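The chain below stands alone and is given as structure tokens, in the form predicted on its own.
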């Protein structure tokens, strides 16, 4: 045992001299996490990271057999029906993608209602919104890759929306579609976006976001912030909170495995550009609220005015959502703080109601 201890000390000193990891370990020893009745929401940030890790691991396994371009559908069919456990890996990849979007949205609203965007955490809010945007594009780009009928027509509809913007159609045609319609060139471009460009952007934003969380610590609700210092409770991050975080990850892994095993992700028939679109074609659930608004406004307003109004409404909403830290800074309170809270409740309820309405109208 003395020799083992001496060896560990020597190895530690060797690593610390070259990598300078002692300050990181010291920081981990003293890092604490606030403990209160809303601590449940702190786990959702870790869940976002967990589902991203699952996406990377399962995506790498799928890339071994996936072939973008004209053979996209056949390669996915082979993964699903011939490759050993290919159907399970594909199902886990698809389910974790949807669960990741859900976790990121829950995390965003929990940060919003805890007022964790206030000074000095503005950049944490903005990098988080950047990560949400990247996750949505991940979902949109990955949806086309199987190139079955639902993926083909949903992507065609999705790419037609930005075309209404002045000057956007040539850009969409040249860069996104690679031609006049969705086809093999589109699959290759989406594959490049999905497995190379987006992961680089996402990883950079994630690194900055995690660094900001470590720098500023976990925010607490106003009810906790108003308490005197001696009345606040906290737990050490390592090992207490870390072990709880790992336990939550294991629970989610079990849930993900059950969803993938008992509800395997289906593969439709091959896409046929000359065929009529399937009845009730619609995007994934996280785009349904925007989809139904465009549909309603398109029926109310003549021509392309409905689509213009819908795109303008979404753009204005995203800008307002991003500027929340400037409207409700650290010193804001009273009436302004309540207005921001009501605005967040309105957005949350509207998202839920519109998504349910979209599925009823689909």
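Residue numbers count along the first chain shown, from 1. It should be emphasised that the depicted structure is a prediction, and the values quoted were computed from it without experimental measurement.
One more form of this protein exists, namely the form predicted in complex with a small molecule; it is left out here, but the text below deals with it.
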Consider the chain as shown here, without its partner, and state which of 176, 131, 256, 137 has a heavy atom within 4.5 Å of the small molecule in the predicted bound form.
131
The listed residue (102, 125, 87, 113) that reaches within 4.5 Å of the small molecule in the predicted bound form by any heavy atom is 125
Stretch in contact, per heavy atom within 4.5 angstroms of the small molecule in the predicted bound form, of 271-279, 149-157, 102-110, 70-78:
102-110
Is every one of 184, 194 and 198 in contact with the small molecule in the predicted bound form, taking contact as a heavy atom within 4.5 Å?
no
Is it the case that residue 213, even though its partner is missing from this view, gets within 4.5 Å of the small molecule in the predicted bound form, heavy atoms only?
yes
Is there a heavy atom of residue 206 lying 4.5 Å or less from a heavy atom of the small molecule in the predicted bound form?
yes
Answer yes if any heavy atom of residue 218 is within 4.5 Å of a heavy atom of the small molecule in the predicted bound form; otherwise answer no.
yes
Please run the contact check for residue 49 against the small molecule in the predicted bound form: heavy atoms, 4.5 angstroms, yes or no?
yes
